[in-house]
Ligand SMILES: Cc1cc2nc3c(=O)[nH]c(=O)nc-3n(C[C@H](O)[C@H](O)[C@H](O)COP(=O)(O)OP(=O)(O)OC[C@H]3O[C@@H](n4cnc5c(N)ncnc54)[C@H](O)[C@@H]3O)c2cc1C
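Single chain ahead, written as structure tokens, the form predicted alone.
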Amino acid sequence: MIASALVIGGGIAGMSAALVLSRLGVPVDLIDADPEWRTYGAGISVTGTSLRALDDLGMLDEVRARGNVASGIKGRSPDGSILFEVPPSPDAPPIQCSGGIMRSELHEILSLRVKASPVRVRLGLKVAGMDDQGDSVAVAFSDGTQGNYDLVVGADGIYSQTRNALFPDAPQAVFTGQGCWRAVAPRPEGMTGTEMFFGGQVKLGFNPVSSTHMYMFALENVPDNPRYAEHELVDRLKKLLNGFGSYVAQVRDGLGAHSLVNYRPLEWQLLADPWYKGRVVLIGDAAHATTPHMASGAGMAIEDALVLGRELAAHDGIEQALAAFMAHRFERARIVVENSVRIGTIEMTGGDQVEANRMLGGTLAALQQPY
């Protein structure tokens, strides 16, 4: 039995890992560098992979109540005409559904569970140094305190300092050539699930995140990797939406400061196997940050936490447990990251959209298999 664990990072991966470990009876410290433990962004799309993982974590009912879970999808051309429609299936299991939820809502669902658990949360704190002593890891914190842990879990994101300390020669995040715009808007009457607009220079999608609102994302080809000031974002996004039909014009005209418009360049990184050294292991974006083309980043992070807990419970030694963890996680993460990047490349180069759709469908089908 692990006597103690430290989780570095209070995002989706970190909170999931802290909850899983705590439920195994492990005393857990969770630290996050942000003293206010905030989350950023608008909404988040969740495929069946994420919904199943949230269900296994015991939170799907709350996600249904505070977000939107449905099945079916509608594809449109840029002018708004319907290209195809997959009707909803009322009895579909979570793995065959999709949905959306505000990032702030998902953060609150997870953080309230963490606060109600025995996990000790310490905010505004970073790791100043780690020394793996074989039978434990000595950790020095930025406030001058110290601790010793049987296991350290690095869940500190795509720019992970834990990864840099553990694997200083590992490749850093790579810019893909695309940027992603996100915003929140009122949900038009009649929208029941995901809708995508295909065929234009900008790939556009909408996902309901509540009974009244939806989350919008727009992928733009930006090979020069521009940066935008906060005051430029709304007007820039409005220009990108010019020329789209159906309800998009109404969405465009209604964008403002209340729309939570944000922009991020798309980056990825995939750490080589193994993602651990000694008693320190990386999960989530710290190990395998992907682009949003599969909408499975959250689900993969939660799966990491669930599999880590499962293998720790099944093995007497940490080395054996972490080796088993890698046997289940690396190939699964690899196909998500590499195929997501490949789909983005096809979009940027005007490649075969049939290939992209086949790759998307094949990958999502593979992710339906047990993790």
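Note that residue numbering begins at 1 and tracks the sequence as displayed. Nothing here was measured: the structure is a model prediction, and the numbers come from that model.
This next part talks about the form predicted in complex with the ligand, which is not shown.
The putative spot formed by Asp156, Gly284 and Pro292 is fully lined by the ligand in the predicted complex; each residue has a non-hydrogen atom within 4.5 angstroms of it. Here the chain stands by itself, but in the predicted complex one stretch of 53 to 61, 32 to 40, 337 to 345, 310 to 318, 32 to 40, has heavy atoms within 4.5 Å of the ligand. With the partner removed from view, the residue among His213, Lys74, Arg103, Lys238 that has a non-hydrogen atom within 4.5 Å of the ligand in the predicted complex turns out to be Arg103.
Among residues of the shown chain, Arg163 is not one whose heavy atoms approach the ligand to within 4.5 Å in the predicted complex. Although the partner is absent here, Asn68 sits far enough away that none of its heavy atoms falls within 4.5 Å of the ligand in the predicted complex. Within this chain, Arg279 is remote from the site of the ligand in the predicted complex, having no heavy atom within 4.5 Å. Using a 4.5 Å cutoff between non-hydrogen atoms, Gly193 does not count as a contact of the ligand in the predicted complex.
Along 244 to 261, not one residue places a heavy atom within 4.5 Å of the ligand in the predicted complex.
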